[in-house]
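Here we start with a single chain on its own, the form predicted on its own, put down as structure tokens.
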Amino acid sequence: MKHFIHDKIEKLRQQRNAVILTHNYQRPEIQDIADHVGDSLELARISKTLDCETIVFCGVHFMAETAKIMNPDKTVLMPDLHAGCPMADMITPNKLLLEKHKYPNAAVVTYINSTASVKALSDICCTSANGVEIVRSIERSEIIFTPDKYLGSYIKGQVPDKTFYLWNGYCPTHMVFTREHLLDLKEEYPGAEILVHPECRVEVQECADAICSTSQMIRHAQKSSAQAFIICTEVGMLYRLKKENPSKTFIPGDANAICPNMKLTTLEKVLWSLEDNEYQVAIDDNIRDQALQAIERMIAL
């Protein structure tokens, strides 16, 4: 049955001149059919270079939005419109406007994990990989950081000369990691390096041998002489790490770190998306233009 679906997806991909972009947290079978696998910004940047008419984005809504922001003339499809991001939804345009009124001298730095309408009200975007560099480049001494308070806390620790106003947002999936469980795992695997995503709580970050975005985890695992790694991010990441480093061992920092929204995408839904040309991502032109400016300022750095 799986081979039959693969064949139909491949035929439709060619007919529609489509490319499948897949986030690192997706199911293994979705990663295996992808033209490109990566984090949200990697995939958005790749999307701009592709000679295609249609992008099937296997991720969550803000990621497909970002691809559409950067590719207004391409059709961007989501196999499941219910694949949202709770953290992105924790900040709204109205709430951000109130923050900007409260701290009028602050620059607004917004994590790429946010809606297009919030990006549109921001001075600049950042990723978990470049957040420190972005904030250091800003001349203003006050920073409103949205929506993730834990990534914001990590950046704040690296840039102590600025004043931060952290929005109280977080990723529920990354909340499952605990310091106590990591210390137990370290006893069980004493030679393993602990790689922690900066969306994790501060006390979990403090256990890390390296604090890494997903793309940084991939590079670290390839270059490190360690043979085992405890991975503190969504469990889908371990599939790619193991696939690209078959001789090394990857242990989940918590096997329950599963994003239910990321797992909504299935092979059948990818097939139906290509068959029906659904579900198309649309963004208001004014919002798109303003959000693009915040993204392009980040890319320029």
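Don't overthink the numbering: it's just position in the shown sequence, from 1. Every value quoted in this text rests on a predicted model; they were computed, and no experiment measured them.
Although not depicted, the form predicted together with ligand 13P is the subject of the following passage.
Engineer: Which residue among S122, T214, T146, T115 has a heavy atom within 4.5 angstroms of ligand 13P in the predicted bound form?
Structural biologist: Contact with ligand 13P in the predicted bound form is made by T214 alone.
Engineer: Report the residue, out of I30, V56, L241, M63, that has at least one non-hydrogen atom within 4.5 angstroms of ligand 13P in the predicted bound form.
Structural biologist: Partner contact (heavy atom, 4.5 Å) among the options: M63.
Engineer: So which of 219-227, 68-76, 193-201, 131-139 is the stretch with heavy atoms within 4.5 Å of ligand 13P in the predicted bound form?
Structural biologist: Looking at the other structure, the answer is 193-201.
Engineer: Using a 4.5 angstroms cut-off on non-hydrogen atoms, would Y111 count as touching ligand 13P in the predicted bound form?
Structural biologist: Y111 belongs to the contact set for ligand 13P.
Engineer: At the 4.5 Å heavy atom threshold, is S40 in contact with ligand 13P in the predicted bound form?
Structural biologist: Output for S40 is yes: heavy atoms within 4.5 Å of ligand 13P.
Engineer: Along 9-34, which positions have a non-hydrogen atom within 4.5 Å of ligand 13P in the predicted bound form?
Structural biologist: Counting only heavy atoms within 4.5 Å of ligand 13P in the predicted bound form, the contacting residues of 9-34 are H23, Y25.
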